[in-house]
Structures are given as C-alpha cells and as structure tokens.
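Let's start with one chain on its own, the form predicted on its own, as structure tokens.
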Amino acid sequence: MIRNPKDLQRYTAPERTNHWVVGISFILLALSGLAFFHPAFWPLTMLFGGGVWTRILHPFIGVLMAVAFVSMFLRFRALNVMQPADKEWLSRAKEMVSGNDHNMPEQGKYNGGQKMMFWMLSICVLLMTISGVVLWRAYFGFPAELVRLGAVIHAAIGAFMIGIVMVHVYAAIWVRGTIRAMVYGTVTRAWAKQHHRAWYRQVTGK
C-alpha cells in the first residue's frame, strides 16, 4: 500500500512486532483462560488441541507475553510518565468521548488516557505473572492455601484485563488512523496535529 512520503513515523518495525506479540499472546491467554474459568467456555480448548494441550500451553504463552511486555515497558515507560497536561486531559475526557476534541490540552506521543492504560496494564501483567507462577504446579509446589489465593487473584485480574483491553481496542478503532500506526508504523500529519499536537511539533519542528 502506497503511503504519503510526508507521513510521520510513529512506530518502528521492532516496536510494532513487540506490540503484536503481546496482543496475540493476550488473546490466546484470554481464550484459554476463559476455558478454565467456566464450563460454558470449555469448548474453547478445541482451539488449542483439547484440554490437556490447553493446560500445557497456557502458562508458556503467559511467559512469552510477560517477557514481551517487559520489553514493551522498557521501550515506552519514559513516554508514559504523567504530566500536568495529561491530568487535565483526563479531567476533560468527556469532551473527547463526545467527539469534541479540538480544544483538548496538547498531548505528547501519548495522551492521558493512553498513559493511564499503560500503567494499569503494567500492574495487571505483574500481578498475573506472580499469581500465574503460584498456579504453575508442574514446576512449583506452593502451599494449597497460596495456590487458592493465587487462583482468585489470577481470575479477577484476568477478567479486569479483558475489559480494559476491549476498551483499548475500541478506542483504537474509534479514533480513525490509530490502527494504521500499529500496522504500517505511520500516521498522517493531520492526524498527529489533531490528536497529539505536542508530539507533532516535536517531530516536525513546527
């Protein structure tokens, strides 16, 4: 697909690959995790070759996602530090949701909502990793009481993550041009100027 040479690069190929590894891993974990969560979802195990293979693959996919997320965290943590403009953006988020985003505070590469999502997901992945290790009884032998507590935490955080990731995907679809950035790595200058004006000025010098 031919792109305008004046478009701005938002993500490099390694950054996009990192994102998609995390995203695809999460989808696989959500599907397999739901299969364990309630009998009504058990047919989802067929996607992984049956119940036994689902139980085998689920923790290893979790390790893959955790490692990939750590890489993504290290890449983007500095860009997601909350600034006063981000807090103002969050306080006026209703204007953004209503479609009137022309007078929103100027944002850098990420807005307040994206930064809040980043930190929530970071905490969730940490908790999911710790509780997942507790549950991995094939390799670890934690006390039964701790395993039961880990199962509750794992299920609760998993459900919360599914919810906020759905919000993340919906927002990416709702703001036209966002998904293109994670597929091709570029955005139009008009998109950057409207949604991330401070970042636009930074990369263009205007």
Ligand code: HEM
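Computed from a predicted model, the values in this text were never measured in an experiment. Quick note: we count residues from 1 along the sequence shown, nothing fancier.
Keep in mind the form predicted together with protoporphyrin IX containing FE is missing from the figure; the text below concerns it.
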| query | finding |
| --- | --- |
| Non-hydrogen atom contact H19 with protoporphyrin IX containing FE in the predicted complex at 4.5 angstroms | yes |
| 4.5 angstroms heavy atom contact with protoporphyrin IX containing FE in the predicted complex for F26 | yes |
| Residue contact check: L135 to protoporphyrin IX containing FE in the predicted complex, 4.5 Å heavy atom | no |
| 4.5 Å heavy atom contact, A198 and protoporphyrin IX containing FE in the predicted complex | no |
| Answer range among 43-51, 174-182, 150-158, 30-38 for contact with protoporphyrin IX containing FE, defined in the predicted complex as heavy atoms within 4.5 Å | 174-182 |
| Of L57, V165, L64, V70, the one that lies within 4.5 Å of protoporphyrin IX containing FE in the predicted complex (heavy atoms) | V165 |
| Residues within 4.5 Å of protoporphyrin IX containing FE in the predicted complex, restricted to 137-160 and counted by heavy atom | none |
